[in-house]
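So this first bit is one chain, no partners, the form predicted on its own, shown in C-alpha cells.
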C-alpha cells in the first residue's frame, strides 16, 4: 500500500500512525510486523512521542542546530542538510503487530519526516506475516 503525503513546510513531521493502523486492519494482519518505508533521499520516518506537539518542535530545533539548513555544503541543489537529516533518521521502520494491534508504546506515534519540502511524497507499507 502507498500513503500519499503532501507536506506544506520545508521541514515537518506528519503523523501517519492512523494510516498504518488502517492498513494493518485492511490486511487482516493479526501477528507479524509492518514495514514503513520512505523512498526519498531527503525525507525519513521515525517513531517518537505523539502526546505533546512540543516534542516534534524540539526535535526539529535540535536537529537544525546540529545540521543547519545553510552550511558549508557543496551539493549543487542546496539541500545537503536534508540528505544528511534523512540519513540520520533513516528510510524505514518496522513495527510489530500482535492481536491485530501495532505494538507501540502509550505515547508513541509514527512520523513521516520532511526535510526538503513542501513536496508530494510517498510512504510504502508492507505487511510481514
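Here the structure is a predicted model, which is why all the values come from computation and not from measurement. Positions refer to the first chain, counted from 1.
Same protein, other form: the form predicted together with another copy of the chain, not shown, and the subject of what follows.
**Q.** Contact test in the predicted bound form: residue 122 vs another copy of the chain, heavy atoms, 4.5 Å
**A.** The answer is no: residue 122 has no heavy atom within 4.5 Å of another copy of the chain.
(Q) Even though the partner isn't displayed, in the predicted bound form is residue 17 close enough to another copy of the chain, meaning a heavy atom within 4.5 Å? (A) Close contact is absent here: in the predicted bound form, residue 17 is far from another copy of the chain, nothing within 4.5 Å, heavy atoms only.
Q: May I ask you to state whether residue 33 is within 4.5 Å of another copy of the chain in the predicted bound form, using heavy atom distances?
A: Close contact exists here: in the predicted bound form, residue 33 approaches another copy of the chain to within 4.5 Å, heavy atoms only.
Q.
Would you classify residue 26 as touching another copy of the chain in the predicted bound form, given a 4.5 Å non-hydrogen atom cut-off?
A. Contact check for residue 26: no, nothing within 4.5 Å of another copy of the chain in the predicted bound form.
(Q) Going through 30-51, which residues have a heavy atom within 4.5 Å of another copy of the chain in the predicted bound form? Please give them in sequence order. (A) 31, 32, 33, 35, 37, 38, 39, 40, 41, 46, 47, 48, 49, in sequence order.
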